[in-house]
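Next comes just one chain, in structure tokens: the form predicted on its own.
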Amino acid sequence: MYDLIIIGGGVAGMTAAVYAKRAGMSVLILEKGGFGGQVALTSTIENYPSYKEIEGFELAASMKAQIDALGVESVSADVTGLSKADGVFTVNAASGDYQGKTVIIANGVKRRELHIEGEDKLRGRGISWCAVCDGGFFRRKTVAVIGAGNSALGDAIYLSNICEKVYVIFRREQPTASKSYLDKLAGLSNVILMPRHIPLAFIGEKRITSLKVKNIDTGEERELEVGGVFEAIGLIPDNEIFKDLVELDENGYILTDSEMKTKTEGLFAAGDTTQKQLRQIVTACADGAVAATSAHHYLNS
């Protein structure tokens, strides 16, 4: 049995592991994908203290090396359930069941999908949710990015360096990304902004060949010949399996107090999975540190 089981190996989860391990706790992290979460899927990070800029994968790898050096045990596992009986938590996963005295839910968020024609058929066949992961497959091709926020424009900037042309499709008049992204985008001649447009369908047989879009002002529909499409339309929580042990807001985020406690004693939550105003690396780090400290206090009490 572990003192602490952390569900999720993103920034919040790995920070919690550092603080818990340094406090003398036995720690297990269960992560279904790659360690680092959304950070590992980000190209360049410019707002993390102590780095003028750093690649997301590099920062994630550095964090993983730190918890490995501390002796934190980690398992690649997709968590399917969580329960508590007689003061002990049982975490169910595809790789088996794990028991802990405390648990921190730090499972982050998942990418939002469009749910339009052709998406299921062409998933992984030209449709991607990660420009950093898959951008190299579209070198010297024309691609499209769907979205208007920081993630979308960050993807477009990254792809502009390897793709011939990048369409950016969004329904608003202007992108919602911060000024730093807009300033970088202004000097890129191969990035074409398409405001007031929405995607209607992905077209192709074995791979995507075009994207049907619609101008929402004129009603005009057209097909853009593209070799790939990157969806960057936001993130959503995935907390249904925890709903009996935590309180969720109307959007599915976990409610905690200032000490990252949930409604169940010994169960904490941290990072993007929680209800919060700002979802950034620094806030995930802070959440993880507070959650681990609260878990340590709980055990000692």
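Numbers for residues come from their place in the sequence shown, where the first is 1. Just so we're clear, the structure is a prediction, and the values are computed from it rather than from any experiment.
Just so you know, the form predicted in complex with a small molecule exists too; it's not on screen, but the next bit is about it.
Heavy atoms within 4.5 Å of the small molecule in the predicted complex map, among the stretches 64 to 72, 25 to 33, 258 to 266, 245 to 253, onto 25 to 33 alone. A residue is said to contact a partner when one of its heavy atoms sits within 4.5 Å of a partner heavy atom; Gly100 fails this definition for the small molecule in the predicted complex, lying far away. By the criterion of a heavy atom within 4.5 Å, Ala16 is excluded from the residues contacting the small molecule in the predicted complex. In the predicted complex, none of the heavy atoms of Ala20 sits within 4.5 Å of a heavy atom of the small molecule. Remark: Ala292 does not count among the residues lining the small molecule in the predicted complex, judged by a heavy atom distance of 4.5 Å or less. Exactly one listed residue, out of Lys141, Lys84, Lys212, Arg111, brings a non-hydrogen atom to within 4.5 Å of the small molecule in the predicted complex: Arg111. Of the listed positions (Met194, Val79, Ala201, Val191), a single one reaches within 4.5 angstroms of the small molecule by any non-hydrogen atom in the predicted complex, namely Val79.
Although the partner is absent from the chain shown here, Gly37, Thr42 and Leu235 each have a heavy atom within 4.5 Å of the small molecule in the predicted complex.
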